[in-house]
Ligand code: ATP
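Here you get one chain, nothing else, as structure tokens; it is the form predicted alone.
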């Protein structure tokens, strides 16, 4: 099942395009990496999908429902969950309180379920989120998105502020959750080669335009192409 379908999307700020004519899709149970240098338009694209920025043109569908013009809370009810760069947790609340706040009423994911994915949280349930380490906070942030029982997850720079080894341990957990629950994941990440190991497909944005669409395996070996895109010098179609 196609959980995200973006067709010919143009979006930006104040009517000025940041991403132009972008088409991507995410299927049930797969992780799709969205890569590109800083300023390429990755976060703008995620925020537009989530209804935080109005599109200028094109269409967005989440779980087979066109969501153009919808508010963020309406899109969330359709099954979308966004994990932003700032982790999106409440530091003055305990781990258990954060989980209860995010838990979808009538959803199929329980606190016990997320503890199975993140056993380390079991001993931290009564600790305030602001007192957790960076790795523990990101673990909680992911757990909060899991317990929201999403169909589609948008993840913006999950590795931000984390030691690479911690990020590498979290990606297999995310992949397992996606496979177990049929969740689609669109993952924006600067640690390119780590992200590609967990992704099935990938897109590369350069200056707001797609310059690659294909399998993660194919992209992993294109070192010169990745370098040119991260230096901002690649052209559409190269």
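Residue numbers count along the first chain shown, from 1. Bear in mind that the values here come from a model prediction, so they are computed numbers and not experimental data.
The same protein also exists as the form predicted in complex with adenosine-5'-triphosphate (ATP); that form is not shown, yet it is the one meant from here on.
The single contact residue among 190, 68, 65, 28, judged by any heavy atom lying within 4.5 Å of adenosine-5'-triphosphate (ATP) in the model of the complex, is 190.
Looking at 42-50, 194-202, 57-65, 176-184, the stretch with residues near adenosine-5'-triphosphate (ATP) in the model of the complex, meaning non-hydrogen atoms within 4.5 angstroms, turns out to be 42-50. If you check adenosine-5'-triphosphate (ATP) in the model of the complex, you find no heavy atom from any of 21, 154 and 209 within 4.5 Å. Of the heavy atoms in residue 85, some are within 4.5 Å of adenosine-5'-triphosphate (ATP) in the model of the complex. The shortest heavy atom separation between residue 37 and adenosine-5'-triphosphate (ATP) in the model of the complex is within 4.5 Å.
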